[in-house]
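Just one chain is shown here, as C-alpha cells, and it is the form predicted alone.
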C-alpha cells in the first residue's frame, strides 16, 4: 500500500534539492542550500588568529551563529548552534589551524518545514527539517572555504505519519500531522547520529 503525499512524492522521495557555492563574496566560503521551499544560507569566516574564551588553544575553535528569518534567537536556535558546532568539530581536522577561530553564520531564508504551536502564554516553533538543511549548507560552505575536513556530512529528516508510514523529508503540512520526527546526520559510515523530536 502506497502513501499519498500532497506534493505527489513517494514516502522515500526527497523534495527537490539545489545548492550553490561562493554565493557571498566577502565570506571566505559560502553556500546556499534549498530543499523544496526550505532555504538556508551559510557563510564561513576564518580561520582567524586566536581562540574564544574557554576554548583549547591547541585546537581550532568553531563558533556557530544562527540567524532566524525574523525575530530574535531563542532556546531552540541556541540548541541548533550547539548541534551544528559539535557536527563541525566531528568532521573537521582538528590538528591544523590551532589557536584559530572559524565563524559559521547560518541565515534562514525561508522555512517550509516548521510547525508552530500557539498558546496564550507562549509561542514555540519546532523546525524539524530546517536543521538538516542548515547542516548541509554549513558543510558545503566549509568545503568552499577550504577548511580541512576528515569527511563530509549529510543530514536528513524523517517522520512517522499518522498512517504508520515513515516519510522522508516532510513538508510543513506533513509535519503538522506527525507522530514522531527524527533528524539523522551521516558524517561517516561508522557514526550515525539521530536527534529525536516527539510530537
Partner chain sequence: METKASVSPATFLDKIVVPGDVVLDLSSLTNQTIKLGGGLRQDCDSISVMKAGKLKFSKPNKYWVESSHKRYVPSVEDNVLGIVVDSKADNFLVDIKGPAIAFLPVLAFEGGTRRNIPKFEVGSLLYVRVVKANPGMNPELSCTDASGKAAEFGLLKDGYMFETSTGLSRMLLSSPTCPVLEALGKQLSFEIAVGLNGRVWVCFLMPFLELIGYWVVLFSSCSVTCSMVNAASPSTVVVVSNAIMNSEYLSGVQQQIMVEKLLQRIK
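Numbering follows the first chain given and starts at 1. Note that the structure is predicted; figures quoted are calculated from it, not measured.
Here the subject shifts to the form predicted in complex with its partner chain, a form of this protein not shown in this document.
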| query | finding |
| --- | --- |
| Partner-proximal stretch of 166 to 174, 145 to 153, 130 to 138, 63 to 71 relative to its partner chain in the predicted complex, 4.5 angstroms, heavy atom | 145 to 153 |
| Exercise: residue 100 in contact with its partner chain in the predicted complex, heavy atom 4.5 Å | yes |
| Partner proximity in the predicted complex: residue 93 to its partner chain, non-hydrogen atom cutoff 4.5 Å | yes |
| Contact test in the predicted complex: residue 12 vs its partner chain, heavy atoms, 4.5 Å | no |
| Exercise: residue 39 in contact with its partner chain in the predicted complex, heavy atom 4.5 Å | no |
| Members of 19 to 42 lying within 4.5 angstroms of its partner chain, judged by heavy atom, in the predicted complex | 22, 24, 25, 27, 28 |
